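Coming up is one lone chain in structure tokens, specifically the form predicted on its own.
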Amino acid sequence: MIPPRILCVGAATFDTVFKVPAIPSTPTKVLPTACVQLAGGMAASGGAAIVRLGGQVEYWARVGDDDTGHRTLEDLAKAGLGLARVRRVPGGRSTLCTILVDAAGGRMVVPYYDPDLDPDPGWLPLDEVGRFDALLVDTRWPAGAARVLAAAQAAGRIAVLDADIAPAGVLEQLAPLASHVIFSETALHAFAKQSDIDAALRAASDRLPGLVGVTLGAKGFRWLERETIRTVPAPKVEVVDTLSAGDVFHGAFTLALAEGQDLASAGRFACTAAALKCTRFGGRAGAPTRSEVEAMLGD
């Protein structure tokens, strides 16, 4: 069987992840007990998860022509992503991110996106979108995301939007272009302006042509399918690090759809992959293999 070909589009970052006893609420000095440095970003981390789960990934993004950009691409190449279409912006500054992960697995994420990193998507090879089986797009490069989602819509391709919190107007611009809009809980409430999950799903669905769902962490995945609210529970695990769990979910979900799995099966597969990631420190480095996910699904 030929592995599905997935296109991931978003903003690449270079992350420093510290494991700390607790995330401080007042100015202080904290001594971490562990540290990893690796390339990240929502769609990039989702793409790395897809590769570990058996898919093929090409990644479209921008980085600066600085040392951080070089390290970012070097690490993503090691993760198995195809990077031929990543643009090195002359004079641009690549995105840096510092992350604290506490003893309970919670995290604080502090990214810096250079506003002068050229956002122009005019260089994107949109005529190539149709050769992919599915797409995963995040919200961190809206201009590029909009172009790619529109091309996927025209080509009739599965296009999953990782609909996390974003600046005003971004979700309103991107969500109508995706075939599957999978919100974070916070982003769903903000988009739908409803405090109840089910009411928010219905309100969002009324505004969007594609499928609408929401990731709920330890409570699993919930979506609206033919006017019916459905839920897949998340496996119970001992949480070490929740960083990149949402990215792993979106990557696994996109891969499962590209393989032809139905929504319930795709949700179960993705919840299991995300749960396994949470048992390991190190963000996307903790993404599971296909055999690990299938072993847990078979229990």
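Predicted model, so just to flag it, every value in this text is computed and none were measured. Each residue number is its position in the shown sequence, starting from 1.
Form predicted together with a further copy of the same chain: not shown, discussed below.
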For the chain seen here without its partner, which of 65-73, 251-259, 230-238, 269-277 has a heavy atom within 4.5 Å of a further copy of the same chain in the predicted bound form? 65-73
Can you work out whether a further copy of the same chain is within 4.5 angstroms of a heavy atom in all three of 34, 110 and 140 in the predicted bound form? yes
Exactly one of 211, 155, 96, 158 has a non-hydrogen atom within 4.5 Å of a further copy of the same chain in the predicted bound form; which residue is it? 96
Using a 4.5 Å heavy atom cut-off, state whether residue 124 contacts a further copy of the same chain in the predicted bound form. no
Tell me, yes or no, whether residue 89 is in contact with a further copy of the same chain in the predicted bound form, where a contact means a heavy atom of each within 4.5 Å. no
Taking a further copy of the same chain as it sits in the predicted bound form, is residue 170 in contact with it (heavy atom to heavy atom, 4.5 Å or less)? no
4.5 Å heavy atom contact, residue 264 to a further copy of the same chain in the predicted bound form: no
Do any residues of 219-243 have a non-hydrogen atom within 4.5 angstroms of a further copy of the same chain in the predicted bound form? If so, which ones, in sequence order? none
